[in-house]
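Just the one chain here, laid out as structure tokens, in the form predicted on its own.
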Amino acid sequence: MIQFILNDQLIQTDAPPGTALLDFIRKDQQLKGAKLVCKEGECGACSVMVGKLEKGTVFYQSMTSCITPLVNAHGKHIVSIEGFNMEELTPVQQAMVDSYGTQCGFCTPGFVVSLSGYLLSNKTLTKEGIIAAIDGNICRCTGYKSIERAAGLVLEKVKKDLPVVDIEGLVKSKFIPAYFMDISSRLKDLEQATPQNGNAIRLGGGTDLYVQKPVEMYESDHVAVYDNSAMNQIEIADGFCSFGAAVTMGDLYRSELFNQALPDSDYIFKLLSSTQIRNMATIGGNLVNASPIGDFTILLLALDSEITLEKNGNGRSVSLKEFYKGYKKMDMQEGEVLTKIKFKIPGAKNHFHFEKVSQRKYFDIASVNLAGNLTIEEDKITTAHMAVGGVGPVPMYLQKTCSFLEGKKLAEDTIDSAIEVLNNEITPISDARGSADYKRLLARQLFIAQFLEVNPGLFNLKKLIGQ
């Protein structure tokens, strides 16, 4: 049985674990505030807050309920727009009214949830942070500036009325209903262990699977690894960073340890997905989905990562660059589970960079993405690890290109020659994200960008733009 708290109500249900949380909220519970729009986690109209008990307190994150498996709600507090409603408008709702932040209104519940959730999720509030909190919410009436003004009004009121931003303060200032005060103790009384079924499909965040094959996901039985404590650890030891496969992008984004391993990664994470999807998508799921254009896969390939596969308590290590054997084919035996990812932390002489090109800069599938980790000593490339996505049937580690670069002088003619090797190594095809020639051009430009990060004066810029 799946148990969780939905707003102020205890839910105990035998509904299929693969049911989308949004469908359960709208159909089973008849709560219509969260809207069904894209069914792909893209627009944010179905956003809910998901509270999880951590060290005696509830930590809240925003997620898109249209692609959230019902089983992943087990043991948690789910807050839809109805869960924020009181007799009078909350300050967040009032700010949307005062700034004319709503037009057709279809997206409005999602924006209110995300803005309210930002207050629940953060002790320190900033203008940049509250705007970033709605990066996964789309307004098709183009009301963004009005909504940004609403966010500004919320921030002003919080700073005026709340010396300390916490659950108690938010309740007293009527940002959230009083029942939030009891959620921590109520969650402690719930069975936290996720229901198990030995024959079920192991499921992470579901962010890819519910887009690719929603009907099959609804009808299949699932066991969540999303909350598997053994697969949710992040560690640094002996110059390596390792983390469990159930760790989400959001976990890594917020992790001080991961930021030590990969400093200044804020820009990278913002390229990867929206706040809601980062909070849901597990790294292990991203890797075994085996998408040729998976952003985090390309990033980890460039870090020359190693993964651990386990079956019946026995584990084996596989280099990630050897893991992908063909389109959606992996070096993974039946019954094996990816449990851990590990990479060597880049040192002072390493230059790591990730970039992608997509129709939208943020929150979009890349046409081509590329990551590189170069070791430069005395103007010589001593080691090179580079990977590119969108130019072949698998996430591609550039083995031949890297081998060519190692031991070479960091110079323009070296890069020119390496581009020829790169062109022979990649095999792009024309599809909805661009022609094969366009993808070759993007791969070339992103390849050059890696070296511009190392030495901006390395190239003749007129030559780069074809003059």
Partner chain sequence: MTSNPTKKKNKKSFNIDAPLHVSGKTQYLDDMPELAGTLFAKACYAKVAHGYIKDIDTTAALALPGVVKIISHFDIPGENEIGGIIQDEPLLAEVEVHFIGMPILIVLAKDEITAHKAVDLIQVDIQEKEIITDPIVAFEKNELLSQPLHFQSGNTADAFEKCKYVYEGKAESGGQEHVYLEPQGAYAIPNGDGSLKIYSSTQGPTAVQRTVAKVLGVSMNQVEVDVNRIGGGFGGKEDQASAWASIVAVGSYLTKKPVKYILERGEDLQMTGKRHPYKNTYKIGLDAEYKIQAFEADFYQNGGAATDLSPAVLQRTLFHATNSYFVPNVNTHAYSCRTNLPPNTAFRGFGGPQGMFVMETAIHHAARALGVSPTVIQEKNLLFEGAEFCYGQIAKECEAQNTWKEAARKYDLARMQKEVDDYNLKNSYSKKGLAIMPICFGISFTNTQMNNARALVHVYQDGSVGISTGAVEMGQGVSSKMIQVAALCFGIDTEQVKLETTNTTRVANTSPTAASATADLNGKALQDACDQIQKRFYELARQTWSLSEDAAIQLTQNSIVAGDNKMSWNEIVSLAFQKRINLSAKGHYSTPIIHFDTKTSKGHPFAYHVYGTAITTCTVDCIRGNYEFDAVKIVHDFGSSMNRAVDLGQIEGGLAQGIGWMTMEELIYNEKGQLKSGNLANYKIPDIYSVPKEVEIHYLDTKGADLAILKSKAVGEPPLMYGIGAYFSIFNAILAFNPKAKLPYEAPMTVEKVLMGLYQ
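Nothing here was measured: the structure is a model prediction, and the numbers come from that model. Positions refer to the first chain, counted from 1.
Form predicted in complex with the partner chain: not shown, discussed below.
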| property | result |
| --- | --- |
| One stretch from 166-174, 133-141, 316-324, 255-263 that, in the predicted complex, holds residues within 4.5 Å of the partner chain by heavy atom | 133-141 |
| Contact test in the predicted complex: I11 vs the partner chain, heavy atoms, 4.5 Å | no |
| Contact test in the predicted complex: D364 vs the partner chain, heavy atoms, 4.5 Å | yes |
| The partner chain contact in the predicted complex: D295, any heavy atom under 4.5 Å | no |
| Close approach of E219 to the partner chain in the predicted complex, 4.5 Å, heavy atom | yes |
| Contacting member of Y179, F352, F269, F106, with respect to the partner chain in the predicted complex [4.5 Å, heavy atom] | F106 |
| Contact assignment for the partner chain in the predicted complex, among L36, L53, V421, L410, heavy atom within 4.5 Å | L36 |
| 4.5 Å heavy atom contact with the partner chain in the predicted complex for all of M63, A384 and K400 | no |
| Heavy atom contacts to the partner chain in the predicted complex at 4.5 Å, residues of 421-437 in sequence order | A432, R433, G434, S435, D437 |
